[in-house]
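For reference, the chain that follows is the form predicted on its own, supplied as structure tokens.
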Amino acid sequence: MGISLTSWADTPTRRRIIDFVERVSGDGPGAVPAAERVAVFDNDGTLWTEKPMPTQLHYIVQQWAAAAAAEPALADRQPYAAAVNGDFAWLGSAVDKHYAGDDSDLKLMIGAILGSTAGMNVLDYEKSVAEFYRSAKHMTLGTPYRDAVFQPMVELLRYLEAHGFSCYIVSGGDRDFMRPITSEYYGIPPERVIGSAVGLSYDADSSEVRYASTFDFMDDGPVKPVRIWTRIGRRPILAAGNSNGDIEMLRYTQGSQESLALLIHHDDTSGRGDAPYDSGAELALAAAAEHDFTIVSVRDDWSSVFVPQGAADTA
């Protein structure tokens, strides 16, 4: 069909993916109607790199630092102190603690996020995020964020679409932070982006939708299958994730008669730019054998990691 997985090494993992896709899109006993060929993908750590911290945190840190500059007293408490002092270890550990079941620091971060967006027009937020993506660079790679996208996963998206799949992003990240770039970076339109969300309200005076001062939901762990059902109305037959927060989504997908659950393992120590780590994925990796998750080794299964610089436009 003119679409190939050229950045995937010729390993059992690649062959398992191809065998599955050819089976469900063929005419044999394992065939699945095109309307039911739904694939869901986590974002951070699955479609692009999430270290040293998720991209959204980079954006938020800038907002918190600016808030602390305008109101210096904020710098005495977290997470503003971490933003002002460049304490990325604290920020990263808050995410790791969340995946380990401790949300104490995450709640501090969510409270600060709500404070920075309350009352803002959703379109103004979209413009602010788009400007961040135009100017910001990855904190360790030094490249624009569009060049931190995983080329093998973009190829997988196109390969699935060529075989009649509908692909969605299902992330613990903020839905509205992802939407401005998913078409350009991944070829996934904004209406197929499912993520965490701040509460919204309609302002009748301005006829605008604005952010509320409350958090709506965290699209992670057991919430992911619920959000998949409410937004898509179908059980996926393929899912890809990389963390403990993706276990339930992978398991939910396996309820289909034909299914494939992919778990990205960041184990590459070759220096190709994707930092190796297991933190935040320990439970998922430990459960892989029991639940038949297909582990995708960045080291062994990908012959290249990132998109060619400046070439992330897949639309």
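Each residue number is its position in the shown sequence, starting from 1. Fair warning: this is a prediction, and the values are worked out from it, not measured in the lab.
Beyond what is shown, the protein has a form predicted in complex with another copy of the chain; the following relates to that form.
The stretch among 248 to 256, 24 to 32, 281 to 289, 44 to 52 whose residues place heavy atoms within 4.5 Å of another copy of the chain in the predicted complex is 248 to 256.
Contact annotation: Ser201 falls within 4.5 Å of another copy of the chain in the predicted complex, judged by heavy atom distances.
Under a 4.5 angstroms non-hydrogen atom cutoff, another copy of the chain in the predicted complex has Arg234 among its neighbouring residues. Not displayed here, another copy of the chain is kept clear of Ala100 by more than 4.5 Å at the level of heavy atoms in the predicted complex. Proximity of Tyr168 to another copy of the chain in the predicted complex: non-hydrogen atoms within 4.5 Å are present. Only one of Ala212, Val226, Ala130, Ala89 comes within 4.5 Å of another copy of the chain in the predicted complex through a heavy atom, and that residue is Val226. The contact residue chosen from Pro144, Gly115, Pro189, Gly164 relative to another copy of the chain in the predicted complex is Pro189, the criterion being a non-hydrogen atom within 4.5 angstroms. Contact here is defined as any heavy atom lying within 4.5 Å of another copy of the chain in the predicted complex, and by that definition each of Leu123, Glu208 and Pro222 is a contact residue. Taking a 4.5 Å heavy atom cutoff to another copy of the chain in the predicted complex, the contacting residues in 140 to 179 are Tyr168, Arg175, Asp176, Arg179.
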